[in-house]
Every structure is written in C-alpha cells, then in structure tokens.
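Let's start with one chain on its own, the form predicted on its own, as structure tokens.
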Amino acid sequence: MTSTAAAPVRAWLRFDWTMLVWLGLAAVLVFIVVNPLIRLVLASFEVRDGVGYTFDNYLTAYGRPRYVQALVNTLVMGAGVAALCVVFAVPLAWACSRTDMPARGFVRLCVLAAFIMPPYLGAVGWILLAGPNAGWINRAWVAMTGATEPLVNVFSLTGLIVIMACNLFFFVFVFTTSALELVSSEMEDAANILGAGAVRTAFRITLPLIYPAILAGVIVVFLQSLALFGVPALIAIPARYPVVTTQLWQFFESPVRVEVAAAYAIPLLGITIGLLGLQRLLLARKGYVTVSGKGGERRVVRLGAWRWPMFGFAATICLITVFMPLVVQVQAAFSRAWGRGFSLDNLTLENFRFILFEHQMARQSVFNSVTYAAIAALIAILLSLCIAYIVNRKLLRFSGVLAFLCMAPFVIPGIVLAIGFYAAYAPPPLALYGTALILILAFATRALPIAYASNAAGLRAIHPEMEEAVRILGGGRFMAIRRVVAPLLKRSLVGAWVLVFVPTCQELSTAIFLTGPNTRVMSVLLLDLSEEGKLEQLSALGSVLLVITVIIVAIGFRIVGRDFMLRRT
C-alpha cells in the first residue's frame, strides 16, 4: 500500500471514537426534549382524522367563553398563589437565615416537609378539615356557636390558592434563603448605626438586595401553579372554577381531541416565555450587588421582643402547611369512618390491609411508582451527567445548546410536556401510550433540570488536570470518568438521585395524561379513590406514599447531609 493510500487509513484509525458517544448522547437529549415540543406544535395545526393542517383547532380551543374563562381563571389563581407564597416564604426565610428566632432548624424541616408532601394529599387533608359540611373546622364552629353557615369553605378560589401556596412556597423560601446567605451584614450595620431598627433595615436594605431571587421564586411558583392538576381536580371542579389543567383533561376524555388540547396548551408556552422576558427586563434596569473588599460577614439580627411573635408566625405557617392536613389524613387512614372522629372503636388497620393485600391495583401502583421513579431518576442522572461533562469540558462545539436543552423542561409546564409526549409517541409506529416506557421517558425529561444543575455544579469542582493525569498514564477518557470523576461525584450523584426520585414518585400532572390501565401510579390511583369518595383508603395509600418519601429523604440525609434538599433544590 502506498503512503498516499495509507494516509486516510491512519487518519481513520486516529479518529476519536468517543466523539460518536458524545454525539449519540446529544441526539438522545434532542429526541426526548425537542421532539415532543415539535410534535406538540404540529399537532395543534393537524386536521382531525385527516391529512393537512388548519387553524380550526385554535378556534375550537378558544372559541367558547368558558374555555377562555378557564385561562383567565388560571392566571388569577397563579397570581394569587405567587403573592401568598411571598407572604409565607420571605419573612420565614429571613427569620431562619438572619435572625435569632427560636427553633429555626425545626422550621426549616417543616418547610421541607411541606415540599415533600404531595399537593393533592395536602388538598385531601384540607377537604377533611374545611369541607363546608363535614370538615372538622366547620363542625367545631357549628358546635361552639350554633351557626348554620360554615366558617370556611375549601371549595372556593381562596381555598384553591391557600392549598397550592402551602406546597409551592418552598421554592420562594429556597431562593430567598440562598440569596440571604450571600448578603453580608455591612450595609445592615450601617443602617443600624443611622438609627434604623431590625424590621426597617430588612425592608429598606436586605429585601431590595435579594429582589432578583424573590422574583425568580415568584416566577417558578407561578409556572408551577399553572401546571398542577391534582389540587384543581380536587378543589376547583367542585368549586365550579375551571382552570387550564382541568379543561385540558376534558379534551382527553373520550373521544380524545389531542389536536385541540395541543392548541389550548400552546399559550402556556407563550406565558412562560413572556414571564422570562419580563424577568430579564426588570433585572436589566438595576444592579443588585454589595461592594466590599472582603467576602463580608453575616451576623445574626437580634429581634429582641419580636423573637416570639416571629416564631408565632413561623409556627402558624408550619401548622397550616404540614401539621393540620397531616394529622387529619393520618386519622382518616386509621378510621373506619373518618367523620366519626377520634375514638377507640373507630380505630382500624383495615384500610391498610385492604390497600396492601386486597386491592390489586393499589399494590401494583406502589410498585409502578417506585420502579418508574427509580429508573427515571437513574436515566436523568446518567444523561445529565454526560451532558454536563460535555458542556464543562467543551467536547462539542454546540455544548451550550445542550445545556439549554437540559434546563428547558424546567420552564415548560409539565402538563404541556405530557401532551407533547402523547402527540409524539402515542400514535403508530411507536404506539407507546399506556406503556411504562412513555411514563419513564416523560418523568426523566421532567427531572433533567434538577439532575443537570446538580451534576454541573459537581463537575465544576473537579479540575480537568486530574483526568489528564489518567490519560498521560495510558488510560482513555472513559477510564478517567470511571476512575476519577464518578468516585469524586458519588455523594453528589446520590443526592441528585434523591432530589429527582421524590417529586417523580409523586408526579401527577404528567402521569394523568400518559398512564394506562396497567401502568397506574399512586398519584393517579389517589385521584381515582377521591372521585369514588373512599377517603379512608385514599388516606391509607397516601400514608404509604409519604412513608416511602420519608425513607428516601432520610437515606439522603444520612449519605449527603442534613440540609441537602434545602440547599440543592
């Protein structure tokens, strides 16, 4: 063979075969993130049972006043939830991060408990508490006062907003706490020297400095509230207050009108893009930094006489978000009839026995939820780790695009993504609707942002020189990843897996549109039991879900650290 002919062969032999792996991973990411969104947009223009495209789907989706009203109601609800979350979370975050309020660690744990309690279980708890006829609060009110009208009615817009805020205020709390822990005390000290008290300093100095973090939390809460399905299904439907998610579900009732549902969901994407643009516009006009020659010191603010009123506020938030709904739910789980109250003759384990040993679908749903969540978390962690490695080490020219795609599902409402998955993978030739695979892929896609953010942060702490040492000694890039990167990220990967598993195991907004008769998960079955009025069995199954969640979080605490969820979410 001549030297000229041998040159292409030597070039082929020198080809970096790992490049094919990186390109393949990039293709997988594009397939699971971009493809459903493209199919969603195309489906919104497709002719039903025909070939071609039309705008009629949009006319159908928004051609009736009640459909438009549902969208308006959703925006009103989202604004109310975001405002109430600020009222709950910002004072609580300031008190836990910067003051000498008593029991700050306990309050942080309660905030975490409010997050890991699924929103629909909180809704069930508040139905038991504040139902207009049989709720515990109203029964006590009638017994004490002899009134004929209930004191509170959970089936209302106010009830809907409060229940959703009880779960979602966690996001504003985490964003605000993280920002407060970075703000030094020099400017606060200057305000105190000039005569400002602790409260005035907080409003005039501290809060303006963390305004970007609060705004980010508000946007996340608003977007999350638009996409939740469980709470509106339990509260808004009986309250005759239609919202987008319940309306989308009606489009999926027989006959399924996926093209109308797609058209109805598209404006949610527009709202998301508009909010992100508004955030940039608001933050671009001002600067939010503190100037100091050193890192700054963060000293505890002495509240003095305000210590106990502040603790009372925190205790009230913990009471209405965690303890009250949890206590009545546990009571219902161990009761023959939850309305009979706390009495020995009303106690029973029958609900748990029925759920765990007789109800075939309940046992299957527990297995499905744990299995699907575990596999989806593993897929999300491995894929996001590889993408984060490509981005951090700049292995592909378009690595920045891959980072954007990994974070994109964070700002795409879960219900919109679910409809995109249905449009992309339910029809032939794939025909994945009702299978475990479509649920796992959808769950993994929803979890990518959390997994990617965690893995990217871990990789930034590992210097590439450690991998280069392995390669100098004759090892390849994959050996460097296996022997250096993976061991160093072991704890971080476990923490990320737990962070992904917990919300995935509880996911309803995505599952409700993609589950089939044999792939029901606990969240969907809980909704079915609520429609059947079996609140005792529902509470027992919900308690099983909470126990599984607490066990997984406890394992995370043991391996990664006590506050890993509050600091990494």
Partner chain sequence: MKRRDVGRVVAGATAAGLVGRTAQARLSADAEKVLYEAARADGEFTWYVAHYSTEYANRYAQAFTAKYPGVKVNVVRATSGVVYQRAMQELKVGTPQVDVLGSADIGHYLEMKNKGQLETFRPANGATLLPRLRDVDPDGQYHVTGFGLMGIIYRKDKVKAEDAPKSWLDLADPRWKNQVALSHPAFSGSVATWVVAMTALHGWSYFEKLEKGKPQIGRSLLDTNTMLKTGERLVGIAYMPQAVQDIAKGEPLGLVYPSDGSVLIVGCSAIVKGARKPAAARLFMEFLQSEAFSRMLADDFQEPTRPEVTSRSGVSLATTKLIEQSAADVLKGGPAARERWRDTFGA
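Numbering follows the first chain given and starts at 1. Quick caveat, the model's predicted, so the values are computed rather than measured.
Omitted from view is the form predicted in complex with its partner chain, to which the following refers.
(request) Indicate whether the candidate residues I237, H359 and A431 are all in contact with its partner chain in the model of the complex, with contact defined as any heavy atom within 4.5 Å. (result) Yes, each of I237, H359 and A431 comes within 4.5 Å of its partner chain in the model of the complex.
(request) Verify the contact flag for G131: yes if a non-hydrogen atom of it lies within 4.5 Å of a non-hydrogen atom of its partner chain in the model of the complex, no if not. (result) Taking the distances in the model of the complex, the answer for G131 is yes, it comes within 4.5 Å of its partner chain.
(request) Find out whether any non-hydrogen atom of A403 is located within 4.5 angstroms of its partner chain in the model of the complex, and reply yes or no. (result) It does not: once its partner chain is placed as it appears in the model of the complex, A403 has no heavy atom within 4.5 Å of it.
(message) Can you work out whether L269 and its partner chain are in contact in the model of the complex, taking contact to mean some heavy atom pair no more than 4.5 Å apart?
(response) No, no contact at 4.5 Å.
(message) Taking its partner chain as it sits in the model of the complex, is G135 near enough to touch it, meaning that at least one heavy atom pair lies within 4.5 angstroms?
(response) Because a heavy atom of G135 falls inside 4.5 Å of its partner chain in the model of the complex, the answer is yes.
(request) Heavy atoms, 4.5 Å, its partner chain in the model of the complex: which of 491-499, 256-264, 393-401, 321-329 makes the cut? Say which one. (result) This holds for exactly one stretch, 256-264.
(request) Identify, from the list C110, V174, A233, L71, the residue with a heavy atom within 4.5 Å of its partner chain in the model of the complex. (result) Spelling it out, the residue with a heavy atom inside the cut-off is A233.
(request) Sort through A43, A26, V33, I512 and report the residue having a heavy atom within 4.5 Å of its partner chain in the model of the complex. (result) Among A43, A26, V33, I512, a heavy atom within 4.5 Å of its partner chain in the model of the complex occurs only for I512.
(request) Heavy atoms within 4.5 Å of its partner chain in the model of the complex is the criterion; list the residues of 58-75 that meet it. (result) The stretch touches the partner through R64, R66, Y67.
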